[in-house]
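The chain below stands alone and is given as structure tokens, in the form predicted alone.
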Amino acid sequence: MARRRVFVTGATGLVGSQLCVELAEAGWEVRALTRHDLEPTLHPSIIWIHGDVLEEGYWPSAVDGVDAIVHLAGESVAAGRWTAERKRGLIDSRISSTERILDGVRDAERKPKALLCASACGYYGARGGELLDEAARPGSDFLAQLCVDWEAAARAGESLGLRVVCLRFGMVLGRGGGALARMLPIFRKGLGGPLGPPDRYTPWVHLDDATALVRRALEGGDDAMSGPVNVVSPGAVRMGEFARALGDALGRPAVLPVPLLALRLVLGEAADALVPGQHVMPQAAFEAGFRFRYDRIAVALRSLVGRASGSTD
């Protein structure tokens, strides 16, 4: 069989870095975009392409000849207040970057067959206990509209013959990055607790399941996945249960809640993205026959931060 090739943006992020290593170890030729001057040392066979997805350069030529593109790049929505400038950055890093990637596809002599583009469960907006699958309508807040526009930019690739998959990520739990890394210092001191109302649902997924589902979506064939895919665990939890499970995994109390009002004073509108209130289910993954390794939050957190995983207090 011919060696499969993939072009990956966001390759040094939490999901992207593990995905690139897994694909390289599985025999893929991985072309990974990086803005760093020094090439990351993830795997010796990864081909690093230097450039910024928002800037001109020779990097778009790297999509020529690949079988698929995995577009994971985008500024963090939880990095600070959503000022007008920050919102513009969030929009550009998602929508403008996707448009630039499709420009590269148009110019390619041998075009890829698939585009997997990141999105988020923020697509649904705050919905309380309503059960949400991929067919649910979008929300109406800034983050929901951002996801709607991002997915629309990606779906424009269908006119170029691409199979497009929109990966609606929940909170990805993994070692060394993401939301969990920001929570751990506080929880390890015994000062952790629910962020916002403890009864709000918080969509989550273990990093291993996230990358496994992305790899499943990369596969073609008659049963190839397309359209929106909720990258979330089927083991839905509320924020209070999540906080207790993290405290238990660390052997620390987790009873000090952070009121939503306090979060809004610090983060403004961005606070609502931290406590979304979305009961999301991975229906597309179920229909594709995907099996989650981690469907219980307690097991997932113990695997990442519990004493058995080698963490220290």
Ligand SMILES: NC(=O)c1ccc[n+]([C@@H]2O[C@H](COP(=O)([O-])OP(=O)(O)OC[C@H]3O[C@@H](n4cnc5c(N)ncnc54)[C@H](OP(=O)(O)O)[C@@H]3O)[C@@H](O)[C@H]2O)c1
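Residue numbers here begin at 1 and follow the sequence given. Remember, predicted model here, so these are calculated numbers, not experimental data.
Not on display, but discussed next: the form predicted in complex with the ligand.
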query	finding
Contact at 208, 226 and 290 by the ligand in the predicted bound form, all three, heavy atom at most 4.5 Å	no
Candidate stretches 184 to 192, 216 to 224, 72 to 80, 132 to 140 - the one whose heavy atoms come within 4.5 Å of the ligand in the predicted bound form	72 to 80
102, 120, 115, 243 - the one with a heavy atom within 4.5 Å of the ligand in the predicted bound form	120
Single option in 269, 52, 248, 64 placed near the ligand in the predicted bound form, where near means a heavy atom within 4.5 Å	52
Distance check, residue 33 to the ligand in the predicted bound form, heavy atom within 4.5 Å	yes
The ligand contact at residue 200 in the predicted bound form, heavy atom, 4.5 Å	no
Partner proximity in the predicted bound form: residue 12 to the ligand, non-hydrogen atom cutoff 4.5 Å	yes
4.5 Å heavy atom contact, residue 169 to the ligand in the predicted bound form	yes
Contact set, 94 to 114 vs the ligand in the predicted bound form - heavy atom within 4.5 angstroms	94
